[in-house]
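Let us start with two forms of the same protein chain, each given on its own as structure tokens and named structure 1 and structure 2.
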Structure 1
Amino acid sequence: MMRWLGALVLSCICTFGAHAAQRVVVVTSYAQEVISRMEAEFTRANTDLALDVIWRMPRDAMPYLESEAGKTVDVYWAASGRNFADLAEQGLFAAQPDLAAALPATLAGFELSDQKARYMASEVALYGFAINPEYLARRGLPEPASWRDLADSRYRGHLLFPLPSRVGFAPLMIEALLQRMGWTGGWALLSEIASNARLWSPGGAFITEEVAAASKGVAVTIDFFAASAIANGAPMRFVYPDVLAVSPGHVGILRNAPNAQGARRFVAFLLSEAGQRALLHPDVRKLPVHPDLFKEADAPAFDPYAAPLPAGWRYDARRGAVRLAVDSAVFDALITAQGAAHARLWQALRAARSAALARGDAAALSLVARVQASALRPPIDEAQSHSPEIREGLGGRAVRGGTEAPPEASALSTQWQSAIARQYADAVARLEASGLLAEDWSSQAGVKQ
């Protein structure tokens, strides 16, 4: 059984009484519910310490931590792998080998803590499907279990998919799928799934509220949104699919931390049994990083450490992090910007494939497959997706790899969009010319999105 860290910090609890509480300054981008819960649990056990929370979105936290103001900060605590890697590289973290020692190195092929212990995973979130079982049952739809299932045309009009250029948690999920399924295959699958979906972006109802309210039957989302809603009574289930994508939240102690001792006690708390248990609260519902917690009676139903994985597969966080904004731009070029043309493409491909199948015509089937492959070809290939020139060309967020900024139009992204529009138009023209499509194919089975 893995040793808990709780005992380790007991030795450094200082005396207190009439003294002013020492302050620990924490920069974070967690939601108020998460902050409130952790703060309450932490200060209950550490009455001589007070937390000063400074809230910054990940893209805004970097300039802050790198500036003069950053020197007043003790701890950075957030879900932004890129920021942690960058800060570690700049030497801004003080390594904590003893705190990191008790943690597993990877989960489902995803690196958790930094190998040099400059920052540690404090919680994990996984992607999957929030489903409304009653909605699906009423329509005779099975509950999807894999990403491939979501591409099934039966789900057309019943899905919500997070728009990566507008939804902070989505790019990592896209990147994980691309690494696991390959650049071309991954985009083909994403395109097909998106053809069934309405793209969701924040500002209105939460993605899980739409599913709970049965405006759609399935939403692709990150687990804690759904788990928290379910714990608070929403009529939903959450499905962890075949391919897991993991978004770890990290914590690190700044090298110049004015209150290094206090910082260590906060981090040790987060990684202790009490801190990890606090993650299970209905308003938080993040998964602990400690494998032991999954073995206990009140453990979360799903143990990601037990999930099967292709032997030797590893998510490349370094390469992934710099490509996130490129992924979002490709998604926009292939899907978002094409709007109805994207839907129409899939309608044509599906109709042609059915016709070819119905005729038992192998040549026709292979023609449809060829048309599909050329239509769905991403605007750049895998090698280009890693190239700094492409990131420069996209500008803004892409250069640095941030994820949440709204999409900016660049000459390059506009060029991609028109190239893809031509690809789709050509494909539809070829299918029309193939004789596989009925005269009125485009007016059939038009499911409103």
Structure 2
Amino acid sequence: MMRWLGALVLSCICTFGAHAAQRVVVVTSYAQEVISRMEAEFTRANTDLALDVIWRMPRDAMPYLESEAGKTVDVYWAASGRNFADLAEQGLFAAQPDLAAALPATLAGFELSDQKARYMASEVALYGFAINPEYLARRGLPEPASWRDLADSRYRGHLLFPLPSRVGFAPLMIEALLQRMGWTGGWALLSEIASNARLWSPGGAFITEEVAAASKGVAVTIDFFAASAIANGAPMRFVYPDVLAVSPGHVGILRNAPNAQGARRFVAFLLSEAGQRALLHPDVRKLPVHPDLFKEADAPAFDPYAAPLPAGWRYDARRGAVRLAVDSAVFDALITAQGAAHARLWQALRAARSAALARGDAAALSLVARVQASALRPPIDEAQSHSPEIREGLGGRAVRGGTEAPPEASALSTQWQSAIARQYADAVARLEASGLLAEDWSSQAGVKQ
């Protein structure tokens, strides 16, 4: 596979010709360390070419590539699956079936490249837990190994969870859990995990910095962020959980690329052995797409291609793409907007469940389960989550990009939040009426916020 790609790079070089343009214009959102390393490796092997890099965050890249200025661009290279899907549907990419043919089709059930070869995976990132082992050991907490572990009340106050409506990498993670665990069960688990967490959003210390500084013991994040922090001496480990979620970075050649041949040479390099190996450089520390590189002596310790996967399961990228913004809005309605009411609900549920268990009362346990299911019911069902009317009703929340919330909530999201607030209040009232809660249940040890 690697030899084939190496030959393709040489083939592209030979067919490029002496009179072609000398610059390849690349729009990217990758960090400077990644860009510099790849540029150095590429230009070393392609001395007749130079990269003209235009740095744009995903929310800015879309309008740029759709504008007149975008007609000067040869390559789009970024970790923003929604952008690539939207641009492909607009017909802005030129299919490259020969380049895509050498790549794996899936990883952990996730489709890596576009099925029509309009854009290809250039690297992968996986979600998991950055942990501070010393922090956890001092508090007698086990290291979490699964998403279900994070729902354990022992982690309350020790966990950071990214806020999907404000953190670009979070919505895909949410959607992956929902697809694996089901719409209702997935939201129940996310709610319980969030009851233990402080919701993190950009503005202060980065999420891994808080774990490194022992502000919290566990943070849900992407492996790349943790790898970079660990390489810089942070006292952390990264745990890949039982349900893997994969976020590929992609690269695509614009349909009207002024330097189409140069663009092919650059993309072929990214997908070649040299380009993929450059991802493992200490300045980059990203995971390659090719399974071959995980089998070498200096490969990353975790091989995602060897991870077990339930038979027949596959992430539905098209279903996910249309509802990432809906997921963020539902998360805000169920969790973010409820604040203290969400914490109080889980205090009541846990206190009531503990009382029922202490009594050995099966009927009381059944009551708590019914109250919990009713309280955590999402504001829409799964069929509605795909509805164009719902996306339109969310206004700016459902515009492509998925995580750019408008300054004010839409009327629909406000309606959801009000309905959820009533569900939570009704649930707590039912538990109080059941006699399972002591008078001072909300301040008992072990159930404090």
Partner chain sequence: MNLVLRAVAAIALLLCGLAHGREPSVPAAGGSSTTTLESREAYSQPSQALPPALLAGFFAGRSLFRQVWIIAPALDGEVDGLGPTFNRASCLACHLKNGRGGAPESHEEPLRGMLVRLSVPGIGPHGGPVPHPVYGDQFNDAAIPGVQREGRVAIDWIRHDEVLADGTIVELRRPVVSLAEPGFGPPGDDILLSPRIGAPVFGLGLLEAVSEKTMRELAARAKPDGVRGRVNEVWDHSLGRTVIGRFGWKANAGTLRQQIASALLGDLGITSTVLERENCPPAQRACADAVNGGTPELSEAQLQAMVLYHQALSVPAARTHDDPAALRGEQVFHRAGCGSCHLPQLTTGTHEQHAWLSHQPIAPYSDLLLHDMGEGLADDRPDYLASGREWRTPPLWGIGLTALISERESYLHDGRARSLIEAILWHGGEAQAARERVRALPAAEREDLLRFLRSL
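Predicted model, so just to flag it, every value in this text is computed and none were measured. When a residue number appears, read it as a position in the sequence of structure 1, where counting begins at 1. Just so we're on the same page, rigid core means the largest C-alpha set that superposes within 1.5 Å between forms.
> The form predicted alone: 1 or 2?
Only structure 2 fits here, because that chain is the form predicted alone.
> Does the C-alpha of residue 152 move 2 Å or more between structures 1 and 2 once the rigid core is lined up?
Shift at residue 152: below 2 Å after core fit.
> Establish whether a shift of 2 Å or more occurs at the C-alpha of residue 281 between structures 1 and 2, with the two forms superposed on the rigid core.
It does shift by 2 Å or more.
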